[in-house]
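We begin with a single chain expressed as structure tokens, specifically the form predicted on its own.
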């Protein structure tokens, strides 16, 4: 599903040049659940942005579902993000004046979908993460773990094939973090979503099938778990 060949990302020029990613090669199969680990500044977030078609590499090739993405314009990349990729972030990124269900509806506002259908799909997404009873609550009425579940529901609502989660448990206590990673595991095993998690937490990473360790912009090594 994902194929990276010789991916390099450079910021700045001359003496100020920073090689955030340096000749990265890796692949992710459909239905895999993997994690990316590495120290701060190792290139994890840059890699996540490239995987999510939020940025382009300086050189190399990124193939997603057989489509070469590095030559696409911004509009086409936005279309791919909308159709194929769901994002979950550390800080939830919920709009404070909207209810949980309204936040989940947001990705569908640009699809000319009838409001009643948006609402139905958003409620179903909240049900999938065990939060249907909190649909009308504002974010400040929810715990951190519940807010992250709303964010996962929002990522799921258009049924993307890939979910990219950037430090999804970083602001949560260990119990809430465990609940969140269990939701990802269920989405992976029961519904077949390909899931990529960036994390500093070894315990969270151990729930995935494979850990890609990044150091100084390069893949340092990988760990594979038999599950």
Partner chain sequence: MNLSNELWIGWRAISANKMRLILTLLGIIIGIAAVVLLVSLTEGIGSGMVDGIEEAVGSNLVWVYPGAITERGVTTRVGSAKTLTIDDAEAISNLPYVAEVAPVSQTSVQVNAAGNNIYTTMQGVTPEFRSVRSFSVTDGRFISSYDLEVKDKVCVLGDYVAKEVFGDADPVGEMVRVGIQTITTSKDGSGSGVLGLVGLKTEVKSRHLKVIGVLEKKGGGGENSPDNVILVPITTMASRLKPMRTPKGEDRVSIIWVEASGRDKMDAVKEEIPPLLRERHYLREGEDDDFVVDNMAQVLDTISQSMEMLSVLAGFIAGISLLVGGIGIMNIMLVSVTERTREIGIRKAVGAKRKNILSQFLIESVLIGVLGGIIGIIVGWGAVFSLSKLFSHTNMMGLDVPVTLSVSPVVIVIAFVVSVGIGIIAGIYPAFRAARLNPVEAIRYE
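Residue numbers count along the first chain shown, from 1. Keep in mind it's a predicted model, so treat the numbers as computed, not measured.
As for the form predicted in complex with its partner chain, it is not shown, yet the points below apply to it.
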> So, 10, 25 and 40: all three within 4.5 Å of its partner chain in the model of the complex by heavy atoms, or not?
Replying inline: no
> in the model of the complex, does residue 132 have a heavy atom within 4.5 Å of its partner chain?
Replying inline: no
> Counting only non-hydrogen atoms and a 4.5 angstroms cut-off, does residue 186 reach its partner chain in the model of the complex?
Replying inline: no
>> Considering non-hydrogen atoms and a 4.5 Å limit, does its partner chain approach residue 118 in the model of the complex?
In response: yes
> Could you tell me if residue 63 has a non-hydrogen atom within 4.5 Å of its partner chain in the model of the complex?
Replying inline: no
> Along 75-114, which positions have a non-hydrogen atom within 4.5 Å of its partner chain in the model of the complex?
Replying inline: 75, 78, 79, 81, 82, 89, 91, 93, 94, 95, 97, 98, 102, 106, 107, 109, 110, 112
